Ligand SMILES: NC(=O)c1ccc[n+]([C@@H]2O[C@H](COP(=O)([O-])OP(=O)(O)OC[C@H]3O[C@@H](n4cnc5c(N)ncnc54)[C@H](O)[C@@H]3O)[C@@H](O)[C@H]2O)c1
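As structure tokens, one chain now follows by itself in the form predicted alone.
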């Protein structure tokens, strides 16, 4: 393999174009092809000076790329990623890992069987803000989580919903498209979620998918989190609109979107303000604030640098298919809680069963 790996981008939508632009900035990687049959994709490929291919079958037969980024609609993740992995091409797959638990488990089986790297695109994990927050939380800066409040108000324009899949149950909606990021971060910071309660509404847009949701999550460690999300609500209180991750697409308002309150202190994101008591916690005593130090770096560039390491050396992805499937299980529980009005336990046993089956099959072939 050449030192500069050729990467194909499958899907030339908004996030696909983000990956295309990021690849153009990466010295250790190069954009090898854009795989998408639309005229817009052909035009994009022409401006970037790379071939435009109609599908992954054409990509596999071309020999143009050593790996691929898959940024296609959720329901296509399984067939496209599995096809590429079966042909030995490492894959960076956009979140969510799949449109259903069944599809995610099938993909996990393909990744295990082939041994080809599969990185799931929860890009926030690569963000210096998140890395700094994770270190502070794990070092005990806020103690045990007591409560968290996460807000995501994303007023998406009507043009966003021109793509039918964004209005379709099982593929679109802010739970699957956006809340999966927040669930991933909460699990990353505070461990597994035991149960959820939820309510959803589609009153504003009237689509079959929700436009607004409120969730309460209970963690194994005892903490509680509330999450409110809407793609119809106007306001800057969202990670996308405050973190400055992609200033080409989103503004960066000087507000907080995540509030974590623990037994020793509190932390807000994305501003990384740490609040602590000068003595024993006491609501009558003024808290002291400080900023958690952080490094620098673009999360998409860092994610691609990690992907390049996996292509070159193999190893364990920062966000693997099992971890991403756990996020999907939580989202599935949230959906059931909203439909039934009941508290729903988060059952991660399918992950353990799949792992046990994989080990048994491996022993049978030894």
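Quick caveat, the model's predicted, so the values are computed rather than measured. Residue numbers count along the first chain shown, from 1.
Below, we turn to the form predicted in complex with this ligand, even though it does not appear here.
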(request) Determine whether any heavy atom of residue 166 comes within 4.5 Å of a heavy atom of this ligand in the predicted complex, and answer yes or no. (result) yes
(request) With heavy atoms only and a cut-off of 4.5 Å, decide whether residue 12 touches this ligand in the predicted complex. (result) yes
(message) Given that this ligand is not shown alongside this chain, does residue 121 nevertheless sit within 4.5 Å of it in the predicted complex, heavy atom to heavy atom?
(response) yes
(message) Within 4.5 Å, heavy atoms only: does residue 46 come near this ligand in the predicted complex?
(response) no
(request) Given that the partner is absent here, state which listed stretch (193-201, 77-85, 211-219, 128-136) has heavy atoms within 4.5 Å of this ligand in the predicted complex. (result) 77-85
(message) Just to be sure I understand the contacts: of 269, 175, 71, 225, which is the one whose heavy atoms reach within 4.5 angstroms of this ligand in the predicted complex?
(response) 71
(request) May I ask you to choose, among 28, 62, 38, 340, the residue with a heavy atom within 4.5 Å of this ligand in the predicted complex? (result) 38
(request) For the heavy atom contacts within 4.5 Å of this ligand in the predicted complex, list the residues of 273-306 involved, in sequence order. (result) 300
